[in-house]
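Below sits a lone chain in structure tokens, taken as the form predicted alone.
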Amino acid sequence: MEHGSYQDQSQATFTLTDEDHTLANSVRYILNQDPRVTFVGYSIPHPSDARVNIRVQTTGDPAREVLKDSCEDLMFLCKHVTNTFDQAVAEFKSRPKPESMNISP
């Protein structure tokens, strides 16, 4: 859900339900990397409430588009991490197994 002004689309607060610090902090980090963003922050209204509010202010671009672009960037980053991890696991499994160490007293 978006809370904002129709007159000034460069700032808005977005509410994400069923989310917590994990996604909110990741989105905040990616948004902070975007030069179009002048302010970003998030809050969780209450610990028992599974809801996150993300505030975005931009240099003039619509906040909704900037958030959408940042979410896409986060998805690409997650895919890259997953692919890198999968390649490392496959490489590890393809190595010859070391001989067992024979330790005798």
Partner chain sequence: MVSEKKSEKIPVWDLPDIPKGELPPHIQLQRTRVSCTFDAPTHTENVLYSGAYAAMGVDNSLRLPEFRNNFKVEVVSLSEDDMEFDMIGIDASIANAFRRILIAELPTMAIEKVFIANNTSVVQDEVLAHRLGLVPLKVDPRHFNYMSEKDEPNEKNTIVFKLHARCEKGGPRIKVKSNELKWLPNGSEFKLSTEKSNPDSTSKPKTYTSFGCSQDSMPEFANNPIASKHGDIILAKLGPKQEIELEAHAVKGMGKTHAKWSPVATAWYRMLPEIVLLEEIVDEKAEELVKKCPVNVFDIEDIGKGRKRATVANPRSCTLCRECIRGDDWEKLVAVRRVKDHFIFTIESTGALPPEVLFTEAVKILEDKCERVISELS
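This one's a predicted model, so the numbers in the text were calculated from it and none came from an experiment. Positions refer to the first chain, counted from 1.
FYI, the form predicted together with the partner chain isn't displayed, but the following is about it.
S.K.: Is N53 part of the interface with the partner chain in the predicted bound form - any heavy atom within 4.5 Å?
M.R.: No - in the predicted bound form, heavy atoms of N53 and the partner chain never come within 4.5 Å of each other.
S.K.: Are any of the heavy atoms in N25 no more than 4.5 Å from a heavy atom of the partner chain in the predicted bound form?
M.R.: Contact with the partner chain, yes.
S.K.: Using heavy atoms and a 4.5 Å limit, would one call S48 a contact residue for the partner chain in the predicted bound form?
M.R.: Result no; S48 lies far from the partner chain in the predicted bound form.
S.K.: I'd like to check something about D61: if you look in the predicted bound form, is any of its heavy atoms closer than or equal to 4.5 Å to a heavy atom of the partner chain?
M.R.: D61 lies outside the contact set for the partner chain.
S.K.: Heavy atoms within 4.5 Å of the partner chain in the predicted bound form is the criterion; list the residues of 53-78 that meet it.
M.R.: Residues within 4.5 Å: R64, L67, K68, C71, E72, D73, L74, M75, F76, L77, C78.
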